[in-house]
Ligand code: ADP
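This document starts with one chain, in the form predicted alone, laid out as structure tokens.
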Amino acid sequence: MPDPSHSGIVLKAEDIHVSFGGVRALDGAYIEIPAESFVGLIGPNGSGKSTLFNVINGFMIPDSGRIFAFEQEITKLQPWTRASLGMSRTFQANHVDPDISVFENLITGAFLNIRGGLFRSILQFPTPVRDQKKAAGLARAVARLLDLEKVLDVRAGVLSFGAQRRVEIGRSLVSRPRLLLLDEPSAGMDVTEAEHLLRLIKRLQSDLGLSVCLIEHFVRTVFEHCGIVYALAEGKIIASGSPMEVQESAEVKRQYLGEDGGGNHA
């Protein structure tokens, strides 16, 4: 696995503004992700969570504001350049290829780490061949971590929804990220399945020393597993800090947790 960033700030987005026509999707939003941290981002539907992720990983350039990652400004860098720096992302909907095996899905995550390109790989040049062997070993190791080892040769499309989500997360891990962005990884799961997946992600984050930022609609699960939480509403960060600090925020309770602060969804 990659050498993680052990100290400092892995990512910082400041004063981010994004508008679609006359609609403000982000209105001065900000987020800071320390090294080796597990950060949760919560908010009602339409609050701007996925838009903020799109800005962070380069799918969208903000109207204004700046983004820094790994000690350099990345505001206008392309997504593939950010990926080469160590940033990886999953999406709300499954993006696994259902027609190829779990192993083949996993190893596609190593594309940027195989030197020499497709042409040299086809001609069996030594460097890409060595990299391919390393990638295959890493894919198998990740499969063990995610309890996918027994289905490596199985076509991904026949797996359960939860297993496919693990394949997608595994593919991101094979890319050797220093920052992993997870956009609602438990979407489509029930509370029990979501809790199991979040415990697994937390263990991976801790054991591998990764920095992880998670969008999740099961708020209680975020509060239980994340060390830092940001609450977003109407494009603005309305609270940030420890889970307890965010839970006790009057604005958070007013916006979407209800008067007792005990809602399940955000």
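Source: prediction; values computed, not measured. The numbering used is simple: start at 1 and walk along the sequence shown.
Keep in mind that the form predicted in complex with this ligand is not shown, yet the notes after this line are about it.
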Practice task
Give a yes or no for K49: in the predicted bound form, does one of its heavy atoms lie within 4.5 Å of a heavy atom belonging to this ligand?
Solution key: yes
Exercise for the section: Verify the contact flag for N45: yes if a non-hydrogen atom of it lies within 4.5 Å of a non-hydrogen atom of this ligand in the predicted bound form, no if not. Expected result: yes
Exercise for the section: Mark V23 yes when one of its heavy atoms lies within 4.5 Å of a heavy atom of this ligand in the predicted bound form, and no otherwise. Expected result: yes
Fill in the blank from the handout: In contact with this ligand in the predicted bound form (heavy atoms, 4.5 Å), from 23-31, 222-230, 236-244, 196-204, is stretch 23-31
